[in-house]
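One chain follows as structure tokens, the form predicted alone.
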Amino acid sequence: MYSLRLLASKNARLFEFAYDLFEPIVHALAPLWRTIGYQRVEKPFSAVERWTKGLMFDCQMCGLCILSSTGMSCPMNCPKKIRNGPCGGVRSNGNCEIEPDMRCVWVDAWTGSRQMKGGDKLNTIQPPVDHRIQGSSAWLRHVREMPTGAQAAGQTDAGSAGKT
């Protein structure tokens, strides 16, 4: 998995492109997810997400995915679980102070983010992990928390200023 994780950050632009194709499909199916019920689709959704993101990004299923903000490098692979940049112990060769044979996930995040159109999102301060949602689908949560038709139409620029 580690070699695939490195491949993902080295090819972050390709993965960003693939996600840009995938995301509208998931959002277009939002009425279906609501009709079926989010509780019913959560288990299959999270299983698919665990398998695909686990394989490609060594995803830890924190429930609050920020791969698009971290150059396709999952910060939850950091032994210290740091979500907002590297610790002070990154070795001079770019490896982790805790696991010397592993590259720092934040070095990979920086490399990956420089390739991405949305690479400046790396500077966004991320909220701490909510352990209550660990293991759940971040994809489904993203769709569920999106404003619906009337809400989206009523949003102004001021109302959406806090969104990333």
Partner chain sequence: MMIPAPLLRDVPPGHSSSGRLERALRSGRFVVTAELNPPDSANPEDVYERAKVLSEVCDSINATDASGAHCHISSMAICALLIRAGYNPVLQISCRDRNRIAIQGDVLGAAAMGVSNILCLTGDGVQTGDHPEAKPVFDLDSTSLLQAIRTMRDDGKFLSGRKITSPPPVFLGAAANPFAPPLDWRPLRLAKKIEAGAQFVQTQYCFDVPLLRSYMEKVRDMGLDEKCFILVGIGPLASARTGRWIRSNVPGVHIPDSILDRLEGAQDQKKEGRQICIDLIQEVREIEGVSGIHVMAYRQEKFVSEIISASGVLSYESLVRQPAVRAAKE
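All figures in this text were calculated on a predicted structure; none of them were measured in a lab. Positions refer to the first chain, counted from 1.
Another form, the form predicted together with the partner chain, is not on view; read the next lines as being about it.
Student: Quick one: in the predicted complex, does every one of Val90, Leu122 and Val129 get a heavy atom within 4.5 Å of the partner chain?
Tutor: Every residue of the candidate spot has a heavy atom within 4.5 Å of the partner chain in the predicted complex.
Student: Using a 4.5 angstroms cut-off on non-hydrogen atoms, would Phe57 count as touching the partner chain in the predicted complex?
Tutor: No, Phe57 stays farther than 4.5 Å from the partner chain in the predicted complex.
Student: Wondering, does Leu29 line up within 4.5 Å of the partner chain in the predicted complex on heavy atoms?
Tutor: Output for Leu29 is no: heavy atoms all beyond 4.5 Å of the partner chain.
Student: Even though the partner isn't displayed, in the predicted complex is Asn77 close enough to the partner chain, meaning a heavy atom within 4.5 Å?
Tutor: So Asn77 does not count as contacting the partner chain.
Student: Counting only non-hydrogen atoms and a 4.5 angstroms cut-off, does Trp110 reach the partner chain in the predicted complex?
Tutor: Trp110 belongs to the contact set for the partner chain.
Student: Determine which one of 98-106, 135-143, 57-65, 35-43 lies within 4.5 Å of the partner chain in the predicted complex, judging by heavy atom distances; exactly one does.
Tutor: Contact-bearing stretch, as computed: 98-106.
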